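You are given C-alpha cells for the same protein chain in two forms, set apart as structure 1 and structure 2.
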Structure 1
C-alpha cells in the first residue's frame, strides 16, 4: 500500500486499503455514526466489503441513490440533506461515499454542504473514480444538463483505493477508466509510461502498481494547483476537446449496430442495455485524434504519437462518429475557448506538459478522417 498526499485528502492506494479505512474510523472521536452513500450497484457489489471495517458500537445508515449520472442532480442532493436531517445526522458523523465518480462527486458535495461540512471519506469503486474522480477535492452536481455546474472543493479525511472492487466492475467501465490512466501515464512519462505500454489487463499486481502511479500523478498536479486556477491541471484536458464533443453527440444517430460494436468482445459486458458512449471511451478517441493533430503540428514526436495511438487502438473499438461539422460546432463551445476558435490541450513528448493551442477546422478534419480509416 502507498499513501499519496494532496491538500484535498490523502489517498491510501493498494490491496488492503480498506483496512486503512477501519483504522481511520477507529480514530474518529465519539459520537460516531457512519452514513454510507451508495448507488444500487455499489450497494449490491461493494458495500459488504466495506461494512466490516466499521468499528463495533458505531451505528450505520445506508443512503442509496439510483445508479447513473442522472442522480448527480441538485434534487438528489436535497433529498440526501433531508435524509441526513431525518436521521439526526451531526457534522461530526461520517459520510462515506462508496461508488464510482457519480457517487463520490455527489457524496463530497452533500458532505461539504450539510451543516457546513460533515466528516467525509471516499471509497472509490470504479477505475475512473480510483485514479481521477476521488482525487483532487472536486465535488458537485450537474444543473439543467450543464456538467458539474454547482459544486465545491472539499477535503476528504481519507480516500481508500482498493483494487478489490475491480472484480465486479463491468469490463466496459474498466476500459473507460483505462483511458484516463493512459493519459496520466503519457503525461507523467518515464516508468509510468513504459509500464502501461507493456501491460495486459489481467495482470492484477501490475494493475495495482499502475493505479498507484496514476493516483500519484494526479495528486502531484493537484498539489501544484489545488483549486485548478494556475493552469497546471489543464494538462488533464488532453483528449477532452474532441472527447466532450463525441460524448455530447453520442445520443443522436447511434445505430444498434454501432452500439454493439462499441466494446471489443474481450471488453463486452452482458446484462443491462449499453450506454451509447462512456466518458472514457470518448476520451480515448479524443486522445487518438488530438494526437494526430499534435503530431502534424510537430509538437508530438512521431514515435511517441504512434505508441500512444497504438495503445488506444489496442484497447478501444471505434466510437459512433457524428459528422465533423456537428462536432466542430460543439467544440467551439468548449470551456477552454475564449472566442469561437477551438482550443485543444495538445501533447508533446511523454513527461512534458501540453500546449494549449487553437486548432483549425482543416486540421481537425484530417484527424477525423484518419480515425475513421483506422478504426473500421
Structure 2
C-alpha cells in the first residue's frame, strides 16, 4: 500500500487499504456512529467487505440510493439530509461513501453541507472512482441535466482505494475506468504513457500498479492547484467538455423546451441518446473528438494524436451520438466557459500542459463527423 498526499484527503491505495479504513475509524473519538452511503448495487456487492472494518461498539446506519446518475440530484441530497436529521446525526459522526463516482460525489456533497460539515471518508468501488472521482475533493450534484452544476470542495479524512472491489464489477464498468487512466497517462507522459497501452483490461495483476500511477499523478496536480483556480488542474478536464455533454444527454430525457430554456436563441432539438452512458465511455469519446480539434489547431502533434485516438478506439466502441445542436447547447453551460465561449482543455504532446481555449461550433462539428465516420 502507498499513501498519496493531497490537500483534500490522503488516498491510501493498494491491496489491504480497507484495513487502513478500520485503523482510522478506531482513532475517531467516541461516541462514534457510521453512516454508510451506498447504492443498491454496492449495498449488495461491496458493503459486506467494508462493514467488518467498523470497530466494535460503533453504531451503524445504512443510507441507500438508487444506482445510476439519476440519483445525483439536489432532490436526493435533500432526502439524505433529512435522513441524517431523522437519525439525529451530528457533525462528529462519520459518513462513508461506498460506491462509484456518483456515490462519492453525492456523499462528499452531503457531508460537506450537513450541519456545515461532518466527518467524511470515501471507499471507491469502481475503477473510475478509484483513479479520479474520489481523489481531489470535488463533490456535487447535477442540475437540470448539467453535470456537477452545484457542488463544493470538501476534505475527506481518507480515501481508501482497494483493488479488491474490481472483482465485484461488471466488465463494462472496469473498461469505463480506462478512459481516465488513459487521460492521466497521456498528461503525465514519460513511462506512464509508454506503458498504458501494453496492458489488457483483464490483466488484474497489473491493475494495482496502474491505479497507483493514476492516483499519484492526480494527487500531484491537486497539490499544485487545490481549488482548480490556477489552470494546472484544468488539464484533468481533457475530454470532458464533449464527454459531459454526451453523458448529460444520455442520462437525461432532455426536451426541446428544456434545451431552449438553457439557451433561448438556440435551434437545438432533443436528439437524446437511446441509452445511458457510463462516465468513462462518454469521456473516451470526448478525448477522441477533442484530440481531433487539438490536432487541427496544430497543438497536438499528429503522431501523438493518432496514438491517443488509436488507444481510445482499441478500448471503446462508438457511443450513441445525440444531435450536434443538442450537444452544443449543453456545452455552452460547461463550468470551464467564460462569457459565451465554449472552452476545452486541448492536449499538446504527452507530458505537456493543456491549452484551455475557446472553440467554435464548426470545429466541434468537424470532430463530431470524424468520430461518426471512424467508429462504425
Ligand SMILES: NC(=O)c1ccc[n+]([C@@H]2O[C@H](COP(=O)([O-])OP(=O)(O)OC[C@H]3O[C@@H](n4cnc5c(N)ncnc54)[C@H](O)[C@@H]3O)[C@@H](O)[C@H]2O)c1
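As the structure is a prediction and not an experimental result, all values here were calculated from the model. Numbering follows the first chain given and starts at 1. What we label the rigid core is the largest C-alpha set whose atoms superpose within 1.5 Å from one form to the other.
- The form predicted on its own corresponds to structure 2, not structure 1.
- Residue 237: CA moves 2 Å or more between the two structures after rigid-core fitting.
- Here residue 12 does not count as shifted, since its C-alpha moves by less than 2 Å between the two structures after the core is aligned.
- With the core held fixed, the Cα of residue 318 is displaced between the two structures by 2 Å or more.
- With the core fitted, the CA of residue 308 sits 3.2 Å away from its counterpart between the two structures.
- With both forms fitted on their core, the C-alpha atom of residue 361 sits 7.3 Å from where it sits in the other form; this compares the forms between the two structures.
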